[in-house]
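Just one chain follows, in the form predicted on its own, and it is written as structure tokens.
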């Protein structure tokens, strides 16, 4: 199933431009009259008929809509410290998008070795992963902020989990935290915080605990930052989608 993206939708007509138009008309050689599938990045899939197929701009008429296309029954924000090797961070962003995530937040910790991250390429990777994994919503990739700022910004009633390696605190599983959350009324947003290669500082961990973040374990293995993030996203997906 081929999927294109458009943020130019007006009534019964939408437009593909830039790379999307080139991919549609030049690479895949679609012609007027062909049916195509287009997402708006907000969760809806549009089934369309191409009216104009041009590598500079394509226009299509909408014949059907599928709200909530490829959605999952939770809202997950992954706040993950950038890795020294940016390829690993890009791999994390791609894979958690395929699994199911609603927002990606790069956070800079006290012990982070990489303190600058450009998000333009990440956003392109996320868009590609959305189309590949048959989803309608594109998770926003936020601009980096500090771990402290992120910890303090999350709503009090959210489900908040921090993964870190210190041995001085009892940890529970992701599934247990989600089970406890289900016993409370109301729909809860889920936030998971993953530290850098050097882990969180004691001050960051203490701040999180003081504001209601629960320390969780992902198992007995010592995981790299990007692997831990993918494992955490997978555990949420497994607990809430089956």
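Predicted model only: the values in this text are computed from it and were never measured. Positions refer to the first chain, counted from 1.
Heads up, the form predicted in complex with a further copy of the same chain isn't pictured, but that's what we're talking about next.
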In the model of the complex, residue 111 touching a further copy of the same chain (heavy atom, 4.5 Å): no
Contact of residue 226 with a further copy of the same chain in the model of the complex (heavy atom, 4.5 Å): yes
4.5 Å heavy atom contact, residue 231 and a further copy of the same chain in the model of the complex: yes
Any non-hydrogen atom of residue 221 within 4.5 angstroms of a further copy of the same chain in the model of the complex: yes
The unique member of 201, 49, 44, 217 whose heavy atoms fall within 4.5 Å of a further copy of the same chain in the model of the complex: 217
In the model of the complex, the residue from 145, 134, 158, 165 that sits within 4.5 Å of a further copy of the same chain by heavy atoms: 134
Interface stretch in the model of the complex with a further copy of the same chain - options 103-111, 148-156, 84-92, 116-124, non-hydrogen atom within 4.5 Å: 84-92
Triple contact flag 15, 62 and 138 to a further copy of the same chain in the model of the complex, non-hydrogen atom at 4.5 angstroms: no
